[in-house]
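Let's start with one chain on its own, the form predicted on its own, as structure tokens.
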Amino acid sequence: MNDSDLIPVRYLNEYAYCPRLGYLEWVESEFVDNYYTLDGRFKHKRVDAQSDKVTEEGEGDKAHRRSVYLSSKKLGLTGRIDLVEHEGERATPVEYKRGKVPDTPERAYEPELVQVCAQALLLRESGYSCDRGIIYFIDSKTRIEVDIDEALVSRTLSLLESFRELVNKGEIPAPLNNSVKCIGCSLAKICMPDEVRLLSEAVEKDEEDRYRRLVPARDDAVPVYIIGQGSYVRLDGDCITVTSPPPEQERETIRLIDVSQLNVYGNVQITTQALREFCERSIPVSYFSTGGWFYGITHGHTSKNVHLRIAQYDAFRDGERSLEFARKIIQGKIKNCRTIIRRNSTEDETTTLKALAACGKYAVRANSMEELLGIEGNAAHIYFAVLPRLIKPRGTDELEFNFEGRNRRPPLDPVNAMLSFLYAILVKEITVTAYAVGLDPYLGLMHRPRHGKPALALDLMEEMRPIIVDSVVLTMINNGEAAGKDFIKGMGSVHMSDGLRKRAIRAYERRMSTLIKHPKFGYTISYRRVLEVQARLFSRFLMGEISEYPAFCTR
């Protein structure tokens, strides 16, 4: 048995709590912090800070040693013990736990008992006599003694064996069924217990109240955009300061805890210290050209879930599976286009809606990617032909929003300029999400790989284009947030002014923070959270947990 095959005691604790949690953390290397994990880490600071420090007490050979690492190939276990109290050949493991003593007969939960027992077995394998362990509950400041009896040893070894079999089998366990354990679990948004159950089993409609929203509807942290040319970003403690160029040199301080992403346009300087802090805090930094072209990203270590990326590469090589996924996203995109028309048109669009509905049906039955792309192109032509009718008439003194179809590089009219600018932001948004989930954003299943093109982000973006970007552009134009004076015409192209870009970003962020009832799960989340949910459902589709990818379609 290699050292890498040894199961850490910590993950045995997680497996005892929930087999799926143990698998996700140990096999797929998934982890994300929440309040409870951060609080536990903070309360472990004292004991962790004194690693390898031996404290002699009294005149005998009694001693304390903190953060002790032990391994046993015989047991197939490894782990760190918070504190070992030993006197001669007798040793006692002490495990620190946040929180108070639970109101149970054993005054501890089974995962904690199993963890201490596994530590005791490691001490025995190291030559010590160990017949008891201690769980110290930090909030109660209470030590609970645990007898390492035959029953607990048998239970611990049984769990260890079943965990090892699960690891060797390589098949993720099913999620718990409506368990209270999911509430407060830091991996709830990765595990998606209720969502996976819904999509993998025949769940009755009246069970909808069981689809719990286990994560907040929206994040407290928000993206930061810096578009002022010559601005300077530097680290200042737990904040960043953004200084505008001379002569204004206005200075703004932003707490890092409030930042989810940093987006910079054109010539913006960032210090090395600030970039390192962004990487350590897993805050991605995205780079756009002055004109809004998304061309790069800096981030910390990507997800360690290599199994997910292998599954993505396998799906890419599987033509039928790629086509199956592509049918879903194109069908979802067409449905959302119909929704935008119904919401914004004041004319009778029956013919157009029927034509789009027919495209949706053809998309489901497409026999090849080429056929599907042809259907998608036809649907886009029908949709964009309607778009001018969704724009309210403008005054004669303003630049006309004379949209005649989609064009880019460069945009030839104001509507295309706004669409291109915001599509680039949405591509960035989904690229960041794909990295966070553990996907390779440059390997798509419908958009084929091309140098520098985030093909998967473009795939996942298809269903979101109408309901996010198109909706924002129509709202801005119809509400008068964009007028003729906000565009610069020259050399046959049209560009947005800095002021309009700022307003467009604000409008986009309002849209991303808007709460919407999820049509399938019934809970309310923001559009930005929808992107993460869809990316994680795509990952479950790749890993084979759900049979098909569910597109997000609003009503």
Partner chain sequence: MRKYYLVCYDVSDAKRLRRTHKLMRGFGDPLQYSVFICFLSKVEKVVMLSKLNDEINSREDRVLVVDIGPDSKRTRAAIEYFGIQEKLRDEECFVL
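Numbering follows the first chain given and starts at 1. Computed from a predicted structure; not experimentally measured.
The form predicted together with its partner chain exists for this protein as well; it is not shown, and the discussion that follows is about that form.
**Q** Just to confirm the contact call: exactly one of 509-517, 24-32, 66-74, 489-497 touches its partner chain in the predicted bound form at a 4.5 Å heavy atom cutoff, so which is it?
**A** Every other range fails; the passing one is 509-517.
**Q** Considering its partner chain in the predicted bound form, which of I257, I183, V364, I310 comes within 4.5 Å of it through any heavy atom?
**A** For this set of options, the contacting one is I257.
**Q** Please tell me which of V167, L443, M369, V224 lies within 4.5 Å of its partner chain in the predicted bound form, judged by heavy atoms.
**A** It is V224.
**Q** Would E252 sit within 4.5 Å of its partner chain in the predicted bound form, counting heavy atoms only?
**A** Yes - in the predicted bound form, heavy atoms of E252 and its partner chain come within 4.5 Å of each other.
**Q** Is E87 near its partner chain? Define near as a heavy atom within 4.5 Å, in the predicted bound form.
**A** No.
**Q** Hey, in the predicted bound form, is K485 touching its partner chain, heavy atoms inside 4.5 Å?
**A** Because no heavy atom of K485 falls inside 4.5 Å of its partner chain in the predicted bound form, the answer is no.
**Q** Would you please decide whether D220 lies within 4.5 angstroms of its partner chain in the predicted bound form, comparing each non-hydrogen atom pair?
**A** Looking in the predicted bound form, residue contacts with its partner chain include D220, since a heavy atom lies within 4.5 Å.
**Q** At a 4.5 angstroms cut-off on non-hydrogen atoms, which residues of 263-293 are near its partner chain in the predicted bound form? List them in order.
**A** Read in sequence order, the lone residue that approaches its partner chain (within 4.5 Å, in the predicted bound form) is R281.
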